[in-house]
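Starting off, we have a lone chain in the form predicted alone, written out as structure tokens.
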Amino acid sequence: MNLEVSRSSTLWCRVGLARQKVFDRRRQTLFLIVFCVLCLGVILAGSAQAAVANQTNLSQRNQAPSWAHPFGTDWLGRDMLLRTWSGLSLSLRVGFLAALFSSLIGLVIGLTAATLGGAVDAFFSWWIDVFLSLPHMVVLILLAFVSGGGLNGVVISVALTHWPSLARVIRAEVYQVRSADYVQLSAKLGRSPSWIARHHILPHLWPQFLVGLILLFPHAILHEAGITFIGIGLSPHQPAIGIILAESMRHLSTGYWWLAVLPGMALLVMVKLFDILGENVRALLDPRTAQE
């Protein structure tokens, strides 16, 4: 009797765990869809409101947050909600370009190093260690300055400084895949390293690449805002978050706290959402996580 009760309780526990896994995956998928729609809405609406965000109205300047202006207005009467919205749209576009190029660099270097091995692997591993050991923000500022600043300078500097961590992860994954039986069999059958990389290794790396791309997104957005804040990044005529924060520093001492606090909080919320998105995508794509 006790054995039957124990088996029944074990069965119900397994059913409960299975239902919880299905619920978690549905929740993660729903969050992914909602977040993608939210980002698309921010980008499209922010781009459409770029001209309106720069319109001045001196009769409504320096107004505190209210129902008419939830983020208040600045010293020129510009609506800070529209400026923040437009700035987030610009940051998302710049961050996507920078994160995409950086992820592609990491994918190519990690795949090449682990596939060819030997001196090639040692060379790229040395470069990865060099980039990881250098002060990150200093290299970012120097590359942005050498690239001439502006949109191109921001994208180039962020892309050239964020690839080492992803390259190291991909390199480790490639070494793990290379030890699989079917890869060893392909090598014994005379397949070239490039053929094995295209047909066996590269398809296995897409989940890591996608998760790495998403997790690079918040770093790219924050560093874009950082170098724009110090005057090397985007043009002052563009309503970027870094420019909004830099301009608001001169007015914080006069009590206009909303000029920096609310746009900064919007930026932090967007970055945190990207971190959550990366964890959900990794849980959906990683078979080891999915089975836990």
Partner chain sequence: MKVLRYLIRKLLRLVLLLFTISVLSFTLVSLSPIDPVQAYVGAEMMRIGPEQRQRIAERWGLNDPPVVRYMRWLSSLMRGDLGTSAIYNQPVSQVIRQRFLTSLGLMGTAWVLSGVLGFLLGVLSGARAGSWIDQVIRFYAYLLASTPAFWLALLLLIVFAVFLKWAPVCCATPPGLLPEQVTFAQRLHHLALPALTLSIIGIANITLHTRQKLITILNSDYILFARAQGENLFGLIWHHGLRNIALPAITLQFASISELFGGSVLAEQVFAYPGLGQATVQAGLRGDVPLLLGIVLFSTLFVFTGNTIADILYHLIDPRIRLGVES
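None of these values were measured; they are calculated from a predicted model. Residue numbers count along the first chain shown, from 1.
Beyond the structure shown, there is the form predicted together with the partner chain, which is absent from this document and is the topic of what follows.
Within 4.5 Å of the partner chain in the predicted bound form, a heavy atom is found for none of Tyr182, Pro193 and Pro207. The stretch in contact with the partner chain in the predicted bound form, judged by heavy atoms within 4.5 Å, is 123-131, chosen from 123-131, 169-177, 92-100, 185-193.
Contact with the partner chain in the predicted bound form, judged by any heavy atom within 4.5 Å, is made by just one of Leu215, Leu222, Leu81, Ile105: Leu222. Mapping the unseen interface onto this chain, Leu143 counts among the residues with a heavy atom inside 4.5 Å of the partner chain in the predicted bound form. Though the partner is left out of this view, Val271 does reach within 4.5 Å of the partner chain in the predicted bound form, counting heavy atoms only. The closest heavy atom approach of Leu252 to the partner chain in the predicted bound form falls within 4.5 Å. Contact check for Gly264: a heavy atom falls within 4.5 Å of the partner chain in the predicted bound form.
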